[in-house]
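In the structure tokens that follow, the same protein chain appears in two forms, which are kept apart as structure 1 and structure 2.
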Structure 1
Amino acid sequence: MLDFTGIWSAVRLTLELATVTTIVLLVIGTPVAWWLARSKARFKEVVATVVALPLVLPPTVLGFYLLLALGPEGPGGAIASLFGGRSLAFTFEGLVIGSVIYSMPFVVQPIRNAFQAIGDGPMEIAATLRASPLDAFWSVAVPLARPGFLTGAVLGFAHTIGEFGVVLMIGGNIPGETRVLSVAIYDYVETLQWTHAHVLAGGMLAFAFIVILAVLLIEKRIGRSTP
């Protein structure tokens, strides 16, 4: 039998996690992408590589190291102790940190490419029209890079929903706190309750389908109305 309250809390948690993670990814990823696109620093490709690197670790292994980092003996524990906690693991905040690290390359790379495709021209023109670099960044670079942001957001959102190894490892599968939908489905698969897994996976696909399609279509409409 499907445990509806449990599933509902997992759905809510999943959406919260994916949304918060996507927002954090965009907030952190945008300046990184901008720097990677514009900097003339020699070591910037090194940074670009480091950003992509978490990808090559299996999620549970990455999760394991994150667990060590977030735990009482790692920097995460130090931060947690400021707020009276022992560890950032097993908390929603910890999940966000893990998901952000793991999905970062999917967000940074497309935005970086979009920034690069703009070239110097529009930014120079904005400067001659009296826009400060920050102003021009918001009023010219970001709107022109919209396809990159969209791709980054969709990939980051989808990957956070499906992402599982990291979340399981640093979240601890605690119902209502860190037990997200992917983990719930995993549990059903593990315990051979396949029908339940089918239902949940189907629902998740349908939901993600609607969300992503809606985002793509809305952006297309925006793309048409603001020329």
Structure 2
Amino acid sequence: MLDFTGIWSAVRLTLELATVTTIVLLVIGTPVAWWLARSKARFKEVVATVVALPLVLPPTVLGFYLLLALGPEGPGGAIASLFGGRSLAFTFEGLVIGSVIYSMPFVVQPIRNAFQAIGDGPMEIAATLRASPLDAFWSVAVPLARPGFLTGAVLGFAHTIGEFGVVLMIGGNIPGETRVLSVAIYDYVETLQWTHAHVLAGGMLAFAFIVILAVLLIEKRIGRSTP
């Protein structure tokens, strides 16, 4: 018999984590992407490399260092102590921090590409109309880069949904607190609850198909709208 309570708890927590992570990534990733797209600093690509590190680092390596950073002896412990806690590891807040770092390149890169595709022309025209740099950014650059924002949001959300190694390392398997979908599937397989594993794995497979299809349709639409 299916444990609908356990399944829904994992689904709800995963959706909450993906939503919060995507919002945070859009807020902090947009200025990073803008700087990477427009800056002429010599160390720009060094920063871009740091942002892209999660693409090649094994999740367990990133999860290990995040566990140290979020633990009682790391900065996370100092921050948690301000609110009466001992550690940010094995908490929802810790999962958000880890997810933001792990999914950063999937949001920053599409937005950076969109900003670079704009070129200097529209911004120069806005400047001749006496628009301030900030006003030009919001009224010109952001609307023109909307497809990049959409792609980045979809990829960031989907990547967070599918996380396993990082969230397991820093969150463990606490029902209702850190037990997300990928960890729940692993747990069900370990305990030979194949029906539960099939339900969740099948749902994630369908979700992955929809995400990839959505990204391809976005790219196709962008291609049609590009002169």
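Note that the structure is a prediction, hence the values are computed from the model and not measured. All residue numbers here follow the sequence of structure 1, with the first residue given the number 1. Here, rigid core means the biggest group of C-alpha atoms that superpose within 1.5 Å across both forms.
Of the two forms shown, the form predicted in complex with a further copy of the same chain is structure 1. The hinge between the rigid parts that move between structure 1 and structure 2 is at A184; the other choices in G76, A184, T22, M104 are more than 12 positions from any hinge.
Here the chain acts as two rigid units, and between structure 1 and structure 2 the smaller unit rotates by 23°.
Here A214 exhibits a Cα shift of 7.6 Å between structure 1 and structure 2, evaluated on the superposed rigid core.
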